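Okay, here we've got a single chain as structure tokens, the form predicted alone, with questions on binding and movement later.
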Amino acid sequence: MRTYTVDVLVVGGGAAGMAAAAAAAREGARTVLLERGERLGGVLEQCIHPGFGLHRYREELTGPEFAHRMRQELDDSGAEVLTGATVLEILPDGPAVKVVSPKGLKKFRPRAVVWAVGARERPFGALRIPGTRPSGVFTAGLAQRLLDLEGLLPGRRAVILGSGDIGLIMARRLHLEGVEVRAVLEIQPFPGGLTRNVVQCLRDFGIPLLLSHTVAEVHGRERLEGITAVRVDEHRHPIPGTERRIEADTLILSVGLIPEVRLIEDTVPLDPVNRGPRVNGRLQTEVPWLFAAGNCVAVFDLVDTVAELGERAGASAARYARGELPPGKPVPLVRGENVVSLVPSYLDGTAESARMYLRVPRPMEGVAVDVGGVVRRRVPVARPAEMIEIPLDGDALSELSQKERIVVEVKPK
């Protein structure tokens, strides 16, 4: 097995990984990007709908167009790319990364690693829905791939469980291809996706959205024949007498994403809520040589944000590889009132600036985000589907770093 020494090794060729590799290479670090697929871009390649790039490129792009722009940036940076490469093991001593590709086994000895592998979909088995296990049940990402990349219809009459953005987008996509979308069920009393997607993907096409509903049972043996929908109470318990059968041959699941950490979960501490590695404002984990960015840290709603985080992680990793990233005293960020997802997990006071991202548990109007009593920002409307972004300048970071803990809260103004 041949061993290669590099400055920065980036794992994952989606938006975060490409941005990280390009940023590290621009910093002068010898950078290698590993992608297990045959083409860079990740899930962007199957997202043929518009809505990407509004923040990063100031224009509306489709997913493949966004990926193309990022590949151009990566090419211009001089970073090396190895596709068809699967990471087998990450050894903390060294560190060392074992990789298999069509060219055989390789071992990389990087000075810094950026973990940017994204997230995976929550599968049907995790939902514990009673009934048979017929064909016709798909995750939203798989259904999207079948339709947009393979040109295959998953079925003719569909029910979508979950109103996350990909579920909403698939409702519109299926409708445009002639599939009858019977209903979108959402267990929460509010939509799970962006407001613009609720309007553009459901309301504009007359597709029913049933809030406070879930699937109580699936029917069919060889192929799905229908589902039983039921209304739930505020504790998500089914309400007896509200069951209704909906005939369908396809059930599409849009029930959340899980950060992909299976090769690093024994190496770094994980955030119990985000379910990704704990990072500081530079996207550095509590293992100094390991950085993480994108949806493997927490699930973000905009790919533009994912790319921005990748850039920050890549630049930070390059500085670490050069020995220019000073350690600082970690001060934990603590979730206070009305805070669910929270990134970063701690601050160390050595960064010139940072950005904080958080989600609220329910729709709220007229609130203020308070960061340790130092930074306070008013937010007219806060929704669970949309990350709230709070910039932290050097003065704020300096003051916050003097604390033992930083409580982040969202309260009525």
Partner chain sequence: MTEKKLVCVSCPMGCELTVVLEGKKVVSVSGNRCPRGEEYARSEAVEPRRVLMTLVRVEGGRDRVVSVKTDRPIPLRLFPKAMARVRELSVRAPVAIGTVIEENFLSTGANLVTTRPAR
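Residue numbers count along the first chain shown, from 1. Quick caveat, the model's predicted, so the values are computed rather than measured.
This protein has a second form, the form predicted in complex with the partner chain, left out of what is shown; the following refers to that one.
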Next on the checklist: Within 4.5 Å, heavy atoms only, which of 27, 370, 65, 348 is in contact with the partner chain in the predicted bound form?
Outcome noted: 65
Next on the checklist: To verify the annotation, which of these, 127, 199, 263, 273, has a non-hydrogen atom within 4.5 Å of the partner chain in the predicted bound form?
Outcome noted: 199
Checklist entry - Looking at the partner chain in the predicted bound form, is some heavy atom of each of 4, 96 and 324 within 4.5 Å of it? => result no
Next on the checklist: If we define contact as a non-hydrogen atom of the residue within 4.5 angstroms of the partner, is residue 50 a contact of the partner chain in the predicted bound form?
Outcome noted: yes
Item to check | Interface membership of residue 216, the partner chain in the predicted bound form, 4.5 Å heavy atom rule | outcome: no
Item to check | residue 236, heavy atom within 4.5 angstroms of the partner chain in the predicted bound form | outcome: no
Checklist entry - Can you check whether residue 340 is within 4.5 Å of the partner chain in the predicted bound form, heavy atom basis? => result no
Checklist entry - Thinking of the partner chain in the predicted bound form, which stretch from 246 to 254, 183 to 191, 145 to 153, 101 to 109 has heavy atoms inside 4.5 Å of it? => result 145 to 153
Item to check | the partner chain in the predicted bound form - contacting residues of 164 to 187, heavy atom within 4.5 Å | outcome: 172, 173, 176, 177, 178
